[in-house]
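Have a look below at one chain only, the form predicted alone, in structure tokens format.
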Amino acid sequence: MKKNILGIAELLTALLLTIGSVTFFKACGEHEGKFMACHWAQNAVTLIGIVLSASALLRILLKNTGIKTGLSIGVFLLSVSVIFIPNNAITLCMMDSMRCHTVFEPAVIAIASVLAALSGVDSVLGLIKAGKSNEA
């Protein structure tokens, strides 16, 4: 359990990103029977959140240090990319007062940043551990 603290933290953060993006910090809803652009940003964040969650879960379950490190690096790269989805890769609504700007975008950036930090530390520690085992 102690060896998987970072992996568990990564999984919980990825789940928070995934579940939160469709519940408590979701983007703007349907408007007059149509979805605004921010809906597609929400879908992209949710989809990548699912992949992040699956990768973090595999990172916990697998035993091989090299594979665990590779998964952590993948989680790091994906979480950094999620930071740039709202309002960069996918445009949000025109009005800055809309929910997508005031709730969704800051929440995605904050949670993805935490996940990037966790997985970045995990990746570096894994690379150091792999380097030490190669020296022996």
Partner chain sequence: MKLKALAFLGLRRRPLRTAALVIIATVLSAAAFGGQILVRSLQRGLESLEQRLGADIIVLPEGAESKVDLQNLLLQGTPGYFYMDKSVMSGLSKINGVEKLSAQYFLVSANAECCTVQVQIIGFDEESDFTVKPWLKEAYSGALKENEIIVGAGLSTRVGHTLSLYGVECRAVGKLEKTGTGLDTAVYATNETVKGLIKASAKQGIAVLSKQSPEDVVSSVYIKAADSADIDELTAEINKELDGVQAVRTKSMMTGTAEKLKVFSKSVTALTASVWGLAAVIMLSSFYLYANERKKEFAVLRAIGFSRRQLGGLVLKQSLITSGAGGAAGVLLTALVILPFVRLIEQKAALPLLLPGWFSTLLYGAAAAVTVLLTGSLSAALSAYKLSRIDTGKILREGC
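Note that the coordinates shown come from a computational prediction; the quantities given were computed from them, not determined experimentally. Positions refer to the first chain, counted from 1.
As for the form predicted in complex with its partner chain, it is not shown, yet the points below apply to it.
- Its partner chain in the predicted complex comes within 4.5 Å of a heavy atom belonging to P106.
- Heavy atoms of H39 never reach within 4.5 Å of its partner chain in the predicted complex, leaving it off the interface.
- In the predicted complex, at least one heavy atom of T102 sits within 4.5 Å of a heavy atom of its partner chain.
- At the 4.5 Å threshold, heavy atoms of L77 stay clear of its partner chain in the predicted complex, well away from it.
- Contact with its partner chain in the predicted complex, judged as any non-hydrogen atom within 4.5 angstroms, is confined among 42 to 50, 68 to 76, 86 to 94, 55 to 63 to 86 to 94.
- Taken together, the three residues H31, M98 and A110 all come within 4.5 Å of its partner chain in the predicted complex, as judged by their closest heavy atom.
- None of L15, V121, V114, L127 but one reaches within 4.5 angstroms of its partner chain in the predicted complex through a heavy atom, and that residue is V114.
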